[in-house]
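Just one chain is shown here, as structure tokens, and it is the form predicted alone.
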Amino acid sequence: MDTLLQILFNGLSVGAVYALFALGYTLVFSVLGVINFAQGAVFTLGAYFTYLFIGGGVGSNGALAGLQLPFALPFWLALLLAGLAAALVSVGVEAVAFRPLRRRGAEPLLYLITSLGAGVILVNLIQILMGAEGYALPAGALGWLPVTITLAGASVRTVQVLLLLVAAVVVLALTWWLEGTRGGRALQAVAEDATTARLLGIDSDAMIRLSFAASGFLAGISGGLVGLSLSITGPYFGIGFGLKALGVLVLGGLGSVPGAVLAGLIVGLAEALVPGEWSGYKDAVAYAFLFAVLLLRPRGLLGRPLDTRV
């Protein structure tokens, strides 16, 4: 029973990361009808920002070798600032890689290519500045909180519980914002029909920038939490999470917020239930499950018919 609970928490914590990541994809897809492939690089930036803000120093291989900020913030404040910094980067990606094409009415495929190029540029900048080495957030980053806690007789890492709690708070806050505020309803109006929304006096361009900012914030805090849980393995470590989150996005249903959350948790649990001797095939098992579901329901678990708009 203890082992089962441990597996359950492992799966849910990883699934929470996938869900947050997929939510970022969902926000952008809802308003533009395209996927932002630079999201993985923004996720990586969130982890590096968190590491630097809590007082981590740069190694010896990057252009910033030896750099250490003159302050060390508490983890939660560092995570929040890292999310905001990632949001700014994401808005910059929108301005450089998306807005010029949108104003020219370019084909959707060009958006994918430019966002992929922006992601590659960001990853390479990280490598130039920080080096290719890995970084580990200090074990005491959570302050007074213990490394592990006991739940129902099972020993669970505190960061796993925090991942679940943060994901739950973010999902509830995002849902409240989308459904209960003027800005959220304006974003939904743009997602439904940007032209009609513009005729009703809604600034579609501002809503698009807002979706990128929210998407970047979600990626940034996800990266910071994963950096704390697993350490930062290098500039490319967010790419794998980004690809898995794309699968989660499709499985949940393109543009569906509840679908992204549900699919993230399902994929996380599916990975956690893979036996230890098959751990090298964990990704294959998760994607096989994804393909099987999509064969039965091509629109995803909670998806609706595609309506691609740019």
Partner chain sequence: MDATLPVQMVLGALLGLSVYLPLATGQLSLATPGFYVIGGYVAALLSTGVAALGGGEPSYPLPSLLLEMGLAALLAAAVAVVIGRPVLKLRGIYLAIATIALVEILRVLNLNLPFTGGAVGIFAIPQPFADPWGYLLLSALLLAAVCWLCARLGAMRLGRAQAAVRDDELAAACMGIDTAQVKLTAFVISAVIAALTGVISAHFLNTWNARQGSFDASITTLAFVVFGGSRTWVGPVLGGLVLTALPELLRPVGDLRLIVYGLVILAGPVVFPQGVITPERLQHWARHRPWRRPSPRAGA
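Just so you know, these numbers come straight off a predicted model, no measurement behind them. Positions refer to the first chain, counted from 1.
This protein has a second form, the form predicted in complex with its partner chain, left out of what is shown; the following refers to that one.
Using a 4.5 Å cutoff between non-hydrogen atoms, residue 12 does not count as a contact of its partner chain in the model of the complex. Heavy atoms of residue 236 reach within 4.5 Å of its partner chain in the model of the complex, making it an interface residue.
For the chain shown alone, residue 254 is a contact residue for its partner chain in the model of the complex, at least one non-hydrogen atom being within 4.5 angstroms. At the 4.5 Å threshold, heavy atoms of residue 275 stay clear of its partner chain in the model of the complex, well away from it. Heavy atoms within 4.5 Å of its partner chain in the model of the complex belong, among the stretches 77-85, 207-215, 98-106, 223-231, to residues of 98-106. For the candidate set 172, 113, 145, 72, a heavy atom within 4.5 Å of its partner chain in the model of the complex is found for exactly one residue, namely 113. Residue-level contacts in the model of the complex: of 124, 195, 188, 181, one residue has a heavy atom within 4.5 Å of its partner chain, and it is 124. No residue in the set 162, 165 and 176 has a non-hydrogen atom no more than 4.5 Å from its partner chain in the model of the complex.
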